[in-house]
Structure formats: structure tokens, C-alpha cells
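Have a look below at one chain only, the form predicted alone, in C-alpha cells format.
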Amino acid sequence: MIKAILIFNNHGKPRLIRFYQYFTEDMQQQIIRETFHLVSKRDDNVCNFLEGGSLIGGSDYKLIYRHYATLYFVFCVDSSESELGILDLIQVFVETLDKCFENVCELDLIFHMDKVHYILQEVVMGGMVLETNMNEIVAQVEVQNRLEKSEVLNCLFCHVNSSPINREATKPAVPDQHRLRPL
């Protein structure tokens, strides 16, 4: 089971944090610092698996990570998860982000946090892997985008129809014989 997903930049600034096991906020911050320290000091040509730090559960847990450009994608998993399966899952997640944002970068994670969380929830929920087919994930994201756009258009349409200017236009027409005429 996946216990946590952490994405941080080369300077240790968290860009996405998702814990699937309860930790206090202070403990979460310590885990992020320790994980960054463990992962960032490793060379790029070494194995992408290492034992979890002392805070996250020690040897029962593994940190599986990939370093892309300025971001580290770290999954903390228990011993029941396959290391290669999680590496593939990280690849699917990054490729899906890349497809949804057209060349994803750190700023996309910052300014489109809601969309990134939605994509992550399509892949992993409650620490369990839901979907690994990138085309299916992208299709669900596109459905969500269309739904959001239609809600925005509906809100704009409702707002326009309820404005004082348009209330006159939507009033029923009064027949001429009932209108007051000047004498």
C-alpha cells in the first residue's frame, strides 16, 4: 500500500504532499525534510529504491523515487508493493501530467494544484492504485474539464439573465390595451 506521495523541488520545497496514513503536521514536515535529505544526496546513477527513513517506518517501508528536471517524485510504500510497479506508476503519473499540461513544469504544479490533485486521485486513492492506463486517466481529466467549463458557462448564463438590465427583457410583454397612455 502507498503510504505517502511527495513531490518537491531540488531545494526541498514541497509541491505536492499526500499522506494516506495519519501523521501530525509536525511529523509530516519532519518526514518531508528527512525524505528530501535521503533522496537529494543520492547520485542520479544509483538505484531509485531505498529503505524508508526512521520517521516513516524504517525497514518496513521503501522510498521509491524518480528525479525529473527540477522535481523529485517520491512514493513511500510498504513491503507489499513492487518497486518496479511503483516506478512505472510514477512514470505514468508524470507522463499524464505532461500530456494534460503540455510539457509540465514546476509552475504547473504550483498554479494548477487542483488539477494535479484530480489527476493524482484518478491514479491513486486511499493509498491504492486505481488506474495505470494513461489514456483512460487523460480521458477522465478531459471529461472533468468539459464539466467545469459547462458549469462556468451555466453560471455566466444565470448571472447574465439575473442582471437588472436583462430583467426588463425577460418580463412578459404587456398588451397595448393595458398600457397607460398619456391624456
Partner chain sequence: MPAPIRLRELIRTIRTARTQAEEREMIQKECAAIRSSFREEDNTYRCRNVAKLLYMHMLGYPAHFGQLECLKLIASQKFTDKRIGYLGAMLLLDERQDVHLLMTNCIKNDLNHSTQYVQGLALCTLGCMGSSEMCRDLAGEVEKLLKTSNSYLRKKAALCAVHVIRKVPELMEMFLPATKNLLSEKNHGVLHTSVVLLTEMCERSPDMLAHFRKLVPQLVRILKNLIMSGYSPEHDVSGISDPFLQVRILRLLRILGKSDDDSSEAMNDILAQVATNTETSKNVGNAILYETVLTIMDIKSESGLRVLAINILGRFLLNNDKNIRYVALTSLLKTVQTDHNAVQRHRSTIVDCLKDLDVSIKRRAMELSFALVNGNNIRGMMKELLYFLDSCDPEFKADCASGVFLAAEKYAPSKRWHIDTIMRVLTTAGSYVRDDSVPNLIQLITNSVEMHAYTVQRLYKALLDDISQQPLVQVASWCIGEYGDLLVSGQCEEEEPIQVTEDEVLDVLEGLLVSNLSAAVTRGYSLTAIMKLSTRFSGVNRIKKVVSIYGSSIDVELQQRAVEYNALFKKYDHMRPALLERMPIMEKSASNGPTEIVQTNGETEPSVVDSKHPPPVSQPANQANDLLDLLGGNDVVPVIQTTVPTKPASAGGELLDLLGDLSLTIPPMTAYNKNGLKIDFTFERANPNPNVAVITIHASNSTEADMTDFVFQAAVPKTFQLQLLSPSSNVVPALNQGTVTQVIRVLNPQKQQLRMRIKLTYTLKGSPVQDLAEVNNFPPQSWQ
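Residue numbers count along the first chain shown, from 1. Everything numeric in this text was worked out from a predicted model, so none of it was measured.
We do not show the form predicted in complex with the partner chain, though everything after this point is about it.
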| query | finding |
| --- | --- |
| 4.5 Å heavy atom contact, residue 131 to the partner chain in the model of the complex | yes |
| Residue 98: touches the partner chain in the model of the complex, heavy atom cutoff 4.5 angstroms | no |
| Residue contact check: residue 125 to the partner chain in the model of the complex, 4.5 Å heavy atom | yes |
| Partner contact for residue 60 in the model of the complex: the partner chain, 4.5 angstroms, heavy atom | no |
| Stretch 25-47 - residues with a heavy atom within 4.5 Å of the partner chain in the model of the complex | 25, 28, 29, 42, 45, 46, 47 |
